Every structure is written in C-alpha cells, then in structure tokens.
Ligand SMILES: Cc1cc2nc3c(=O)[nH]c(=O)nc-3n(C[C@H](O)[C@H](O)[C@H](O)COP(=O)(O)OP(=O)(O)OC[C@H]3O[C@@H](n4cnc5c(N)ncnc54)[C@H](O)[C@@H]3O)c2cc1C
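A single chain, nothing else alongside it, follows as structure tokens in the form predicted alone.
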C-alpha cells in the first residue's frame, strides 16, 4: 500500500486551477498524488462571460483547455460531475458511480445562482454562470429578434430585463447595449423599439463601489439606452416578464438574473454548517473541525478587518488558491501553515467598448484609461495561468 497522500481538488475555476498549478510547482516527485476533478475539460473565465453572452465576443475567448494549464504528469485530471462528498469515508462520489478517496480535499466547485426566494426566478430567468448558459443566452437574444420579425405584434421580444446591478449585471447590460444596434441593422428593426431594463433592489447600482464612479457608469449606460430601476425589487418572474415594485408588470421576452450567487448545494448536503451555502473557514482556509479539508472561492466565507464578508470575486479565489496549495504542502511536510491575507489589487468594471470604471488603491479611473486597465487585468490573469502563449492567443490588446 502506498503512503503517498492523496490530494483531490474539486473544481477548475479560478481557485481550483491556481491551487493545482501551485501544487504541481511546489510538490516534489512522489510527494503526493494530486487529482483535479471538473465537469468540463476546460477552464472558463467567469469575469469574461458577459461578452459572449451578449454576443460581443467569441465563446472561445472565454475558455481554455485544462490540459494546456496543468502538467498531466503531475496532476491527474478527471472529467466528471461530483455527486456527493462523504466526509466520514474521505471519499468523493462521482456521477458515473466511481469514487475518489482523499487525504486532503480542496472544495472549489463554484457557486450557484441566489434567487432570494423570488417566485419563478429559478424557473424562468437565465443566468450568466457557465459557457453553456452563455451560449443559450446569446442564441436566445438572436431568436427574439427573429421572432419579432416574424410577428411584429410581439413587441415584448425586444424588451430585455436584467435583474441585479452588481458587476455582472452592469457589465452584461453594457455589452447588450453595444450589441443591440448591430442586431437591429441585421434584422431590420427600429432601435427605438428595443428596451433594456436594469433592475436593482439595493439603493444603488454597483453596491459598495465609489458613488462618483457609479454615477459615471449609469450616465454612460443611460446614453446607450439602458433604463435603470434602482431601489426596486423584482417581486416575481413569470414566463412573460417580471413584476416589480408596486405590482408593475414589465412584459419581456428575455429575463437574465445576475442578482447574486450562493455556495454549492453539495457543501450543505455534505454536512458542513453554511451561510447561504458558504462555509466560514479558518484563517488557513480550512473547514471547521477538518484540518485536511480546504474550502475556497465562492464556497468560502471570510471576513475583512471591518467584519464584513469578502465578496466572492475571482481575485480573492486566485489568492486563496495560492495560499491553499502552500498550506497543503506545509501540512505534508509538517511545517507551519500560512494565514490567508487578502491583498486588494483593485477593482475594474467594464461598461462596454472603450468604457470602464475602476479603483486601484486610492486612485479612481474612468473612461478609456479604465478600459485599458480592464484589459491589463485580463492579460495579467492569462499570463499567471498560461504564460505568454496564452496571452498571445486569448489576450485583447485593442
């Protein structure tokens, strides 16, 4: 029997892929067996999905094959869907009936849409959460234009509702507003007939962002044709649209929900104590009561020095992945683990072609400069996971 510890990573998102890459770099030969499990054979850039969803970029630019990111002599990649996590047995059950045993487990499976119990939202709204969901939204948008041309009494086909004005919602409506004029030209539709609504229950768009930059962002998007309903909750989503505020009905052919995410349902089912599907991990990213189980990304709950939970961003998931790998190697070698300390590199939100807003340190950016900053952020990530070859293949320079 081999005494080499088995490390299993669930999920190849931002946190999972960084953990795998760091482990393959830091572990010596035969020091551990590492298995990466993901239901697709590609890693996709969640922060880029709003573009192919609206149809302003190619789907291929939002993903890269996992085999190009890991050394398959050091990491065993298993393309499979996780069915159950059995903590007591130290096993992960897969949908095909097979099982993986582990000594160390990293849960980085990504989140799920949080509908806050809004009736009909889960059933009737679309979500920007994966390559497949994005492909569906893109085709659905084009279908609505074709449908209207076939029956011009169906004006609701040209009404688009985006629920949530956080990062994903704002970036998606910006791309959608950029795409609409081209679709109108392609389908011979009067642009005046198209309506884009962005609805947010909070008192501000981009909650937590600098108010001056939020105002700038909303002005940019209003000029592109977006109608905002801020401080207005969606009461219900139906097959024909949404009910908002004081029972106002907006008839729409397309409803996209970007109002929040929660942790993966399998975490709660495994027996962890959760808050909105997230586990409050310790300072070393370990699950309570389990020194060999690490939870990162959308599934982890950590608090900043002010006592507020960190938002589940790609930036924090990446940094958690690096620390997680370090701490597993330290555990194998009986060394001291490292506390996770988040280093905020800044935040940039795209507002469509040539426009963005951003904060880096105490400096605020908007317009063209912020748009270039957004490209730099994307190129930096491509370089981190795939070096210059991936930057040249997927990077946007113009």
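Just so it is clear, the model here is predicted, and its values are computed rather than measured. Positions refer to the first chain, counted from 1.
Another form exists, predicted together with this ligand; not displayed. Remarks below refer to it.
**Q** Answer yes or no: in the predicted complex, does this ligand come within 4.5 Å of a heavy atom in every one of 12, 128 and 168?
**A** Spot residues vs this ligand: full contact, yes.
**Q** Since exactly one of 159, 313, 274, 319 fits, which has a heavy atom within 4.5 Å of this ligand in the predicted complex?
**A** Only one listed residue qualifies here, and that residue is 313.
**Q** May I ask you to choose, among 35, 56, 47, 331, the residue with a heavy atom within 4.5 Å of this ligand in the predicted complex?
**A** So the residue touching this ligand in the predicted complex, by this definition, is 47.
**Q** For the chain seen here without its partner, which of 67-75, 135-143, 280-288, 293-301 has a heavy atom within 4.5 Å of this ligand in the predicted complex?
**A** Going through the listed ranges, the match is 293-301.
**Q** Examine residue 345 and determine whether its closest non-hydrogen atom to this ligand in the predicted complex is within 4.5 angstroms.
**A** Flag for residue 345 set to no.
**Q** Against this ligand in the predicted complex, would residue 266 count as a contact residue? Criterion: heavy atoms within 4.5 Å.
**A** Although this ligand is absent here, residue 266 would touch it in the predicted complex, with heavy atoms inside 4.5 Å.
**Q** In the predicted complex, does residue 238 have a heavy atom within 4.5 Å of this ligand?
**A** It does not: once this ligand is placed as it appears in the predicted complex, residue 238 has no heavy atom within 4.5 Å of it.
**Q** Please check if residue 364 has a heavy atom lying within 4.5 Å of any heavy atom of this ligand in the predicted complex.
**A** The answer is no: residue 364 has no heavy atom within 4.5 Å of this ligand.
**Q** Can you list, in sequence order, the residues from 74-102 that come within 4.5 Å of this ligand in the predicted complex, counting heavy atoms only?
**A** Heavy-atom contacts to this ligand in the predicted complex: 80, 81, 82.
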